[in-house]
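Below you will find one chain, with nothing else, as structure tokens; this is the form predicted alone, and questions on how it binds or moves follow later.
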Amino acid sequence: MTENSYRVAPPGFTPDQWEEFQEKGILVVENAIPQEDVERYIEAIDRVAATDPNYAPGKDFRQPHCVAADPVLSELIDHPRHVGYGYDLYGELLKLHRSDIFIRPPDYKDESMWHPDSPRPTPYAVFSMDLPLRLCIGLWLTALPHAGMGNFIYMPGSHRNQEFEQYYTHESVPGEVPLVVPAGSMTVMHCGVWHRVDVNHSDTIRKNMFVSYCPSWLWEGDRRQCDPQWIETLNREQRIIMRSFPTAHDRTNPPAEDVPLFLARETGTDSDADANFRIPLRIRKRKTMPEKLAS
């Protein structure tokens, strides 16, 4: 494969976004998803729900590993709208950790207590105090003009705390922020941000999806290995990002054909300018975005 057949990494964090992300642990990007895509995703969610024996109209519904449930949703694996954020953090070892559909109907009373998205007894922050080991992309397909609509509620800046006084309660907390956004908005969230889900007192069925990324050596959250026939339907980058490896060793040492995942967006090359070119490409060090900012 020639270098020109590789894709350049899609856009990720701007400098202002990175500063805000570090401060708040979350970015809210309104109108990130075009209306035609919002409609396509809702249609795909409805198709998935209609064929699931666990789905019942009027009841809340969650479908994990949703990227494999419908061809339209498979495009979320490497969509240029958001995959660049994950690539900025995890670079050549980027992996899709999990993907989920959520349907929150009217009169939904969530038991989702305050929590971070991480192992609870020993959180990710014990091992990675500065950078998230899981990055969650939220795709909000239903307009949420006010609270009380099954909104996602979060505490800005809480990703710096491994303890939270209201943990395992559903209590309202001073400073909490309900996500109030138009349809087609996107959130980019540090896994350590403490959050919960509001009740839905509206007449609106709230529909959204989450796609989260992690380094490839972290165990995936919604599967063990992917269906090989489904993997064959994916493009090169999607296949790599799913990391459906036959051996554990591949998690930290991907096969040569999987390197590079993307070319550098600044230069369009497969290596850093100061790289040691004596080292084979498959194991040659490449800096992540935070490393480049620190150097």
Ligand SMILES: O=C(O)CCC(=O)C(=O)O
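Throughout, we count residues from 1 along the sequence that is shown. In this text, all values refer to a predicted model and were calculated from it rather than measured experimentally.
There is another form of the same protein, the form predicted in complex with this ligand; it is not shown, and what comes next is about it.
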One stretch from 121-129, 82-90, 221-229, 98-106 that, in the predicted complex, holds residues within 4.5 Å of this ligand by heavy atom
98-106
So, Y154 and this ligand: in the predicted complex, are they within 4.5 Å at any heavy atom pair?
no
Closest heavy atom of S172 to this ligand in the predicted complex, within 4.5 Å or not?
no
Quick check on K207: any heavy atom within 4.5 Å of this ligand in the predicted complex?
no
Evaluate R160 for contact with this ligand in the predicted complex, applying a 4.5 angstroms cut-off between non-hydrogen atoms, and reply yes or no.
no
V181, L133, V197, I77: which sits within 4.5 Å of this ligand in the predicted complex by any heavy atom?
V197
Of the residues R236, R265, R62, R47, which one places a heavy atom within 4.5 Å of this ligand in the predicted complex?
R62
Which residues from 116-145 come close to this ligand in the predicted complex, meaning a heavy atom within 4.5 Å?
D117, W140
